[in-house]
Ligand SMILES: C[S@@+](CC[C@H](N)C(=O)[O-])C[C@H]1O[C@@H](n2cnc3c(N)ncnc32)[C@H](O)[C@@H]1O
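Only one chain comes next, encoded as structure tokens, the form predicted alone.
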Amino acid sequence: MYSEYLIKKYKALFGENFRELIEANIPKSIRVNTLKISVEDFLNKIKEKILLKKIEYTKYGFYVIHSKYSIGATVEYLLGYYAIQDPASMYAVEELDPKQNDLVLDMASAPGMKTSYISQLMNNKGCIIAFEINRNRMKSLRSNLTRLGCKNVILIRDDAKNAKKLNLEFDKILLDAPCTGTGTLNKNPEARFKDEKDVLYCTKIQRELLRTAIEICKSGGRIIYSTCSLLPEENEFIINEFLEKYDIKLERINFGDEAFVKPYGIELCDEIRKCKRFYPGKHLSQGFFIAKIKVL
């Protein structure tokens, strides 16, 4: 069962058999946290508890094929040897490509899986400023970063639209934007009932945050814009609009399906092909969209 709004959208985008693409069951997945342990040592420690399979398009990701225990209750989890994270979420951080001397902004950071992965790829060097507006979600963010051994993160409880008040220019910015979550049916079945008012609410926030990101990113810096929505209104349409208004360009994402350049018959800039989409039925991840933006 879906809202009439989504059924109409999905049939236009994916055809009558859209459920095969977006409803597929996906295995749980984890990321080895090399801030605490090497991949080799982790696999040796965990092999009697959890059967894993490498996720080929990620650096440190593994699918959980079988586990004797809840993967969120093992000693190794509590020690911070791994994080529970979706593959597309990991890949978005890898495309950001944070370096050890970078100043990085995470604009919507709770519960901290992407923030902690940025810290991991930076080897706890440089500096990450992580915004989270919700007090309760800030608690889980702080807890996860502590468990995973992240020491180069400054947390700010505020709306990331206010990040410009810091008077800083960032090398890299991750904007995993608030969205309708229509790509997360496995864990959020209520996303089936999203309608036009939900989309309008989210796109307003997405535009405000992306505008802020562009204003405070260094010339030559990169922004990753991502959502766990399947709707072009929150993805391709947003990026196309900003390409026309701002001095930016897109860089190619290396993995995933090409983004739509003619959704609902509406022709968009051909550059949008450089963005990528992920689908449960094809990539064994949540539904996801990633755009890599270079500020000129």
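Computed from a predicted model, the values in this text were never measured in an experiment. Throughout, we count residues from 1 along the sequence that is shown.
Another form exists, predicted together with the named molecule; not displayed. Remarks below refer to it.
Q: Although the partner isn't part of this model, could you tell me whether Asp176 comes within 4.5 Å of the named molecule in the predicted complex, counting any heavy atom of the residue?
A: Judged by the heavy-atom cut-off of 4.5 Å, Asp176 is in contact with the named molecule in the predicted complex.
Q: Could you tell me if Met113 has a non-hydrogen atom within 4.5 Å of the named molecule in the predicted complex?
A: Contact with the named molecule, yes.
Q: Report whether the minimum heavy atom distance between Ala108 and the named molecule in the predicted complex is within 4.5 Å.
A: Result yes; Ala108 sits at the interface with the named molecule in the predicted complex.
Q: Met122 versus the named molecule, in the predicted complex: is there a non-hydrogen atom within 4.5 Å?
A: Taking the distances in the predicted complex, the answer for Met122 is no, it never comes within 4.5 Å of the named molecule.
Q: Establish, in the predicted complex, whether Ile223, Asn254 and Cys275 all lie within 4.5 Å of the named molecule, using non-hydrogen atoms for the distance.
A: Negative, none of the three is within 4.5 Å.
Q: Tell me, which of Asn188, Thr146, Asn134, Gln100 has a heavy atom within 4.5 angstroms of the named molecule in the predicted complex?
A: Result of the distance check: Asn134.
Q: Of these, Ile216, Leu96, Leu209, Cys202, which has a heavy atom no more than 4.5 Å from the named molecule in the predicted complex?
A: It is Leu209 that has a heavy atom within 4.5 Å of the partner.
Q: Just one of 165-173, 192-200, 67-75, 152-160 has heavy atoms within 4.5 Å of the named molecule in the predicted complex; which?
A: This holds for exactly one stretch, 152-160.
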